[in-house]
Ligand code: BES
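Okay, here we've got a single chain as structure tokens, the form predicted on its own, with questions on binding and movement later.
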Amino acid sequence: MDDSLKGFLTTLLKREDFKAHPGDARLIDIPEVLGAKAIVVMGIGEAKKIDREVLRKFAAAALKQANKVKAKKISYEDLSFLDPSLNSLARGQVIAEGVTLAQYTFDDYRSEKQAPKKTVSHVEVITDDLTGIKNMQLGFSRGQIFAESTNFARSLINIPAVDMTPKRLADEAKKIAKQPGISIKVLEKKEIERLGMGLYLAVAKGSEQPPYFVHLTYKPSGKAKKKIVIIGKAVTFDSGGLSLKPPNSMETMKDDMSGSAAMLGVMKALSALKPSVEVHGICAATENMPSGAAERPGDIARAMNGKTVEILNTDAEGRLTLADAICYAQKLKPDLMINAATLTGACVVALGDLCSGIMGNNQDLIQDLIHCGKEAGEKLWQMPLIEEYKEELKSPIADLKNVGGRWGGTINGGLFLQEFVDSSIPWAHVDIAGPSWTEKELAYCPRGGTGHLTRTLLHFLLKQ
């Protein structure tokens, strides 16, 4: 193209000091000697630094540029010369993820749709890797499923809490259960009481919205290699209870069910992806609200496994719902358990808003999830479960307190949950409080719920 334009592109880009950093873009009007009115020049960075996430962001950025110029079709050249670890399946997958994630908008509540117009309706990849075409097609299809499941989780988070009630969350799960290979059990308040989930019920007491306990099951067509449980925190709105949050801190608390949104996004994808493992998706859905019936600081509640907890801070409610969900999950005798939760503000202080904290009792499981997070473009960083800090969780009048000291809040949350985990079951806890929500537009996510951890978990399940 540059030769046809007698060096015009090179001259212009040098004059503008175009460095081709990832995400850099220039729209250049050109004479119509090439059959085009304009050229979009995109930066992708140094070849040796190109990984899955760089390609994913590149695909998203190119799609946004294509929409800006009102293109109907976009063609990506397959960069088959890259690192061999980026095989044809991976390259196809990340391009599909980038374009599908970047097309997401949430304007269900706008009377006038203000999102940028999406003109691109056709995406293709042009490749010279003839031996890898089938794998690239598989990767592209897989990438669409991964991204659509993430977008589904985003929408669940973005729906206001007045509409995304515990019942609505259960109803969304019931829709997922209509897919082949998936079944559901939904427990209402009386059944939850019969099971003795006193911690979960203590949180639910303050709300007019009744609790719903959701248990989705996916079974593969053949013999399952493993039985895996994913537990998502499902507090559909968190006011803090009687330990009331400041108004600013409540504004985005509809996202306190982001863990369950990721879990539901995963379960929605399984019929299409067909992993060879049995997967149980569990969430204890409730609101955390202040009222005359709400739990009070100093109350004691009994968990499903009989342990008692002195509730000193009603805003440390997520660990109470998760503790009973863990007790329930263990009765399924799983090979491993993973829970995802917007558990602590301390995790945001420690790791910021782009990285989750992960901890657990099995290093192989933790490392596998960190690796899958890297493949998904979702950052996870291991936090320690420091035994000495357990002293802070001891209560003089119950088995445990639901909060520890002032410091190490993320670790204390993990240690509290560990008290309900059978040590023989590999278990990982992921605190997604930071990256579950974004206040600014990211490379392929607008402001709002991100669906964080959905794709990490899908990568993990397909590798089992």
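In case it trips you up, residue 1 is the first one in the sequence shown, and so on. Fair warning: this is a prediction, and the values are worked out from it, not measured in the lab.
Keep in mind the form predicted together with this ligand is missing from the figure; the text below concerns it.
Have a look at 352 to 360, 214 to 222, 313 to 321, 157 to 165 and name the one stretch with heavy atoms inside 4.5 Å of this ligand in the model of the complex.
-> Going by heavy atoms within 4.5 Å, the stretch is 313 to 321.
Listed residue (339, 342, 93, 236) with a non-hydrogen atom within 4.5 angstroms of this ligand in the model of the complex = Among 339, 342, 93, 236, a heavy atom within 4.5 Å of this ligand in the model of the complex occurs only for 342.
Looking at the partner-bound form in the model of the complex, is residue 256 within 4.5 Å of this ligand by any heavy atom?
-> Although this ligand is absent here, residue 256 would touch it in the model of the complex, with heavy atoms inside 4.5 Å.
Residue contact check: residue 242 to this ligand in the model of the complex, 4.5 Å heavy atom | No, residue 242 sits far enough from this ligand in the model of the complex that none of its heavy atoms falls within 4.5 Å.
Check whether residue 428 has any heavy atom within 4.5 Å of a heavy atom of this ligand in the model of the complex, and answer yes or no.
-> Judged by the heavy-atom cut-off of 4.5 Å, residue 428 is well away from this ligand in the model of the complex.
Might residue 59 be said to contact this ligand in the model of the complex, defining contact as any heavy atom within 4.5 Å?
-> Residue 59: no, not in contact with this ligand in the model of the complex.
Partner contacts in the model of the complex for 420 to 451 (non-hydrogen atom within 4.5 angstroms of this ligand) | Only 433 sits within 4.5 Å of the partner.
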